[in-house]
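Next up: just one chain, as structure tokens, the form predicted on its own.
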Amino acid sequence: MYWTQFIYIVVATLAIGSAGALVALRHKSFSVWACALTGLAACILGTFIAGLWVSLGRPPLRTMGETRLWYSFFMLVSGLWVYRREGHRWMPGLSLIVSAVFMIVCLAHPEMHDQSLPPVLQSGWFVPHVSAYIFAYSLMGCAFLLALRAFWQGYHSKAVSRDALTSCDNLVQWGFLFLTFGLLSGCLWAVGSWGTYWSWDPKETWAAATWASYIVYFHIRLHKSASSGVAALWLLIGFILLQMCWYGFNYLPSAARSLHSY
């Protein structure tokens, strides 16, 4: 697989994923066909990532564009997981839209995809660390979509849906598990590469802020007097911090001294 073939993968993924999303919306209960079509769309994109890995001779996780590619794939997987587990029939469609946005950005702003890999990335922690973070981002992205829908429902019914927040709880719990693994694996990677577990690098600071924001969410949900609206709002805040941690910090002056700029 080569990057020049990506346009055909995008068309096939969007066509099959859209069919799966439409089938899910038309059935009030779980649809095997919707699940199969959405899964097939994810498999097509996943096959391209695997093929790109083989052709490059390295994990396609180095550049921001490559991480966007993985995020597109994981959003499809996470959306399918939410649909299968929680029964939200509109989730395959929303997750496909988010995935499509990131794929289109990859097409509009392609980055250099060569075989080079900086020495610091030639570590056994590279793949598990980055992939765990991107998968966590996709789960938190689905929780963000659920929170937006909860706000939309609350706007009409004057109360945020507790069922939607229960689904958010499940997603955030799993997402937080992967965020924590990413944080700890990053510390172990850092001590081998730079001789210290933590240096308050700008990327590390935003990662810590993101991780702490979801701790706050858990406390809000455990507090009996806290409203559902506050919990949903905090999910939105956490997702904004997540975007800053992932790529937003690159636009700040402090990014110039970051060890995480490759």
Partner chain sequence: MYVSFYILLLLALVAQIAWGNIVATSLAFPVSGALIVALSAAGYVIDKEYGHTPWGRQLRSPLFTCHLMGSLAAYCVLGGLMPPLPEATEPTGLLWLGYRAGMDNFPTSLPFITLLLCCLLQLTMVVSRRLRHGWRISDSAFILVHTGWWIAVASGFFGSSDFSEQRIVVPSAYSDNVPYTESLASTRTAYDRQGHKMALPYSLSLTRFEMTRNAADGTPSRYTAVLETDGRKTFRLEPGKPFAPTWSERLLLVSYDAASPDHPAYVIISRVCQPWRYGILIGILMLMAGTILFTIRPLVATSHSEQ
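Just so we're clear, the structure is a prediction, and the values are computed from it rather than from any experiment. Residue numbers count along the first chain shown, from 1.
Omitted from view is the form predicted together with its partner chain, to which the following refers.
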In the predicted bound form, the residue from 64, 220, 236, 35 that sits within 4.5 Å of its partner chain by heavy atoms: 220
Which residue, 90, 151, 102, 181, has a heavy atom that falls within 4.5 Å of its partner chain in the predicted bound form? 181
Partner-facing stretch of 64 to 72, 38 to 46, 23 to 31, 189 to 197, counted where any non-hydrogen atom is within 4.5 angstroms of its partner chain in the predicted bound form: 189 to 197
Verify the flagged residues 117, 177 and 209 against its partner chain in the predicted bound form: is each one within 4.5 Å by a non-hydrogen atom? yes
Should residue 254 be counted as a contact of its partner chain in the predicted bound form, where contact means heavy atoms within 4.5 Å? yes
Can you tell me if residue 215 lies within 4.5 angstroms of its partner chain in the predicted bound form, counting non-hydrogen atoms only? yes
Is the gap between residue 166 and its partner chain in the predicted bound form 4.5 Å or less for some heavy atom pair? no
Against its partner chain in the predicted bound form, would residue 205 count as a contact residue? Criterion: heavy atoms within 4.5 Å. yes
